[in-house]
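In structure tokens, the next block holds one chain alone, the form predicted on its own.
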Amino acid sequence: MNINVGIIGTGLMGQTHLFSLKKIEEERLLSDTDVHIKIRGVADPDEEKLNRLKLKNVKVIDYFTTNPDDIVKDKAIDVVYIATPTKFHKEYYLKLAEKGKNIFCEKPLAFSLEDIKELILAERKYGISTQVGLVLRHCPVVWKMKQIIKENAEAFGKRLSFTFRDTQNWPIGTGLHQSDWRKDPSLAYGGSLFEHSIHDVDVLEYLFGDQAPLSKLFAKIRYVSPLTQGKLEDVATLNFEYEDGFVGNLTSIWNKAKMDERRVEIFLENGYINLENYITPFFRKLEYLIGRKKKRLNLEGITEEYRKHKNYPKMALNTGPYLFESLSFMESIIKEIEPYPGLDIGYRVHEIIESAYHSSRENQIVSFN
């Protein structure tokens, strides 16, 4: 049995997903099944980009096309990855859903909550499955932080506060981000919070939302650099309050410094958790303290523990979360279970971000039910 995959968009994320899918097949990471992954078609309107991709992948991809509708209409394709600029996500999602194809859609999902509601209705109408590209939910380091919190809840005591800082170099076609569409408001809608720290807002929901729901949010969002065009934020500070009194803040930054990292500190009644210089999948330090007992963790140990927890086969210990993300999606298709995270989780993180924009515009606290 084959799962025939199509990919729409061959920028950084499209190529990342292509690499992950090839690795899953080449290393037979789905070896406990009789399923093979076949990359049937790849689409991108940029012919030069396609030709560069073809040079390295002509033997593993059946065809390359500048017309994404060729992927939509291809009856042999079972699953499609949407890795286009955000503006086009809704258009292709609705076309693919109508054709009954299961979809992996990169974040952000769309420009508005109303658009995302349309995706949810289409998913239900056509009976397809969707996974959203909130990749940090498949990151062993983030998973381990949640395990630490859960397994030591009694020893840690009450939750006090957290600080979360996410800094990234402006995505203007340099450094890690060779595609520059995210500097265009017509393609991206929002800046550092919407296009990048959507991951961080989702991590906060993942780590903390199931203990006590978010109750209040206050945000300040700024447009400092001329690159923002007054529409793409490069500074966002969000202050969170949960129903149990737990409070904290997230700071999201785009600047011209050569930085691309996250830092997290979580303070509890009897200890703390500290993650420093996290650049997927690597970090400089992850440690936690309870009372006077401190423990420092390493990437190899965390990845191996995560692999065993997920019952994944042996693989490189520095494997990044994008491979785990695609592995999870492929398994959900094979086993006919709901992909994770789905559109409901995607909607929730968009809801929080839209509330942050509203809070900043109106200079007021937003309350959640």
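Residues carry their position along the shown sequence, with the first being 1. In this text the structure is predicted, and so the values were computed from the model without any measurement.
There is another form of the same protein, the form predicted in complex with a small molecule; it is not shown, and what comes next is about it.
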Within 4.5 Å of the small molecule in the model of the complex, heavy atoms considered, which of H199, K144, K90, H138? H199
When you measure heavy atoms, are T10, T86 and P108 every one within 4.5 angstroms of the small molecule in the model of the complex? yes
If contact means any heavy atom within 4.5 Å, which of 231-239, 181-189, 147-155, 212-220 contacts the small molecule in the model of the complex? 181-189
Would D32 count as a contact of the small molecule in the model of the complex, using a 4.5 angstroms cut-off between non-hydrogen atoms? no
Test of understanding: in the model of the complex, would K49 fall inside 4.5 Å of the small molecule by heavy atoms? yes
Please determine whether P45 contacts the small molecule in the model of the complex, using a 4.5 Å cut-off between heavy atoms. yes
Residue-level contact is defined here as any heavy atom of the residue lying within 4.5 Å of the small molecule in the model of the complex; does P341 satisfy this criterion? no
